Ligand code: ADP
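Okay, here we've got a single chain as structure tokens, the form predicted alone, with questions on binding and movement later.
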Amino acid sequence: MTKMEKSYKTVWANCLEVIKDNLGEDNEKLYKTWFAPIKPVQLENGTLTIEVPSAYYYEYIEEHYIDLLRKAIKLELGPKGMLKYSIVMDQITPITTSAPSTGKQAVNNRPKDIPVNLNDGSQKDMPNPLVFPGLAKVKIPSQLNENYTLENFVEGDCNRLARSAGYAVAKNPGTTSFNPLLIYGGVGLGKTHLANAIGIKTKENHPDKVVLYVTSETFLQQFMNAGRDGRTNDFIHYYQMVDLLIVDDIQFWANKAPRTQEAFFHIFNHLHQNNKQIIITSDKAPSELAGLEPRLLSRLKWGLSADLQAPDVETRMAILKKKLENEGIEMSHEVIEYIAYNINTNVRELEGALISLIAQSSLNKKQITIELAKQMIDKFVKSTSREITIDYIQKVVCDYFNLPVDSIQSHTRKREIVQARQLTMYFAKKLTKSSLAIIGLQCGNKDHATVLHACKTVANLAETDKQFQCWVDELDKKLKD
């Protein structure tokens, strides 16, 4: 069997023997700490891939044991042998990077360490987790929706500033005065579409750039998982590797998630100081984003805040025509005009009405006429309902019991507030897709077990207490109206 024909497990086992011999008998603890946890993954084309537990492991080994690893790989795979790292991060997309086992450039020409603020407020020198000479660029899936492009984002007076700024950012990410770029506006006006479109255009203009889109809820859930597993530093390192970071719906953190906001504050600072682009979306202007940490809020005001407004009738007609063009469907100007004049709330409902009309025509094999459009639009407008969110449930419940909305977030044990909080949790679990952890977080920073207990309590009281059952029925009706 030749050296290249050996199994990856055999090659790594032999490498470990070389490492043990060179560390010496007095360094058994070092071996158990830094090498025993490493697992071999595969051997392909002279490249051995090993799995390390975290980004910190990778950085420490590269800094202190690169020569020893190079020696072991050379003995096993020859002078052209390569070593590749796979960095494991739970609940976060795994990172893969590679380094040659020969030559000293990867160590001696390492970029200077950059001080980074940690969660505890202390300053420590930490290796720059971006690109080292001799290392491949970290591969991070962008999570972008490829259907949301700038070409499909119809320009009008309602969005011209934001769209133009998006083009400028995509052309020169991180180097314009639009950093951060905060895009804000009401529901269904295209914030997510535009943010994704800027990311897609950036990747077209700069294929080497690392672009990452994440919702604020996903970011929060990842941070909670990382903290639970003791991998907060890995989490922060991961996001510091990005060239363009897009965080959607940051208003979700208002009045909650202080530790998540603190982690994002450090990530924001690192990216901004290194000329990396940040794009944020929100349903409110920065001046109206009450509940965010003051220092984070001040960062959001550094760049450009561009609003998206409800489109006027001309823009609505242009949106419909663009949608029809993309679908390859012809429709009379009279029908397009009728839809545009009657659906005037937001882009999402406008496109929804168009899709419903097309579906009615296709399924019933009817021609799209102004009469069919009137029948469908009248039903659509009547049936369009409010999106039920946890915030909306809190408001309805508190209004019903004549309580201030912020009482749900308080730690008081007053009976009426406890019951209002439990009812909020019950309806949030019933009427939204939010996880138990997220529901608990928005209802006074409670854990998932408390949410489950609240739901059971409400169900039991509804069965045994007629007055309580009446409250549940009336709230249920109000929330669905």
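In this text, all values refer to a predicted model and were calculated from it rather than measured experimentally. All residue numbers are counted from 1 along the displayed sequence.
In what follows, reference is made to the form predicted in complex with ligand ADP, a form of this protein that is not presented.
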| item | value |
| --- | --- |
| Heavy atom contact within 4.5 Å of ligand ADP in the predicted complex, the stretch among 222-230, 295-303, 397-405, 188-196 | 188-196 |
| Interface residue in the predicted complex among L244, L354, V347, I250, criterion: non-hydrogen atom within 4.5 angstroms of ligand ADP | V347 |
| Position in contact with ligand ADP when the complex is considered in the predicted complex, options K323, K276, K209, K84, heavy atoms within 4.5 Å | K323 |
| Contact flag, T202 vs ligand ADP in the predicted complex, heavy atom cut 4.5 Å | no |
| Close approach of V154 to ligand ADP in the predicted complex, 4.5 Å, heavy atom | yes |
| 4.5 angstroms heavy atom contact with ligand ADP in the predicted complex for M376 | no |
| Close approach of I319 to ligand ADP in the predicted complex, 4.5 Å, heavy atom | yes |
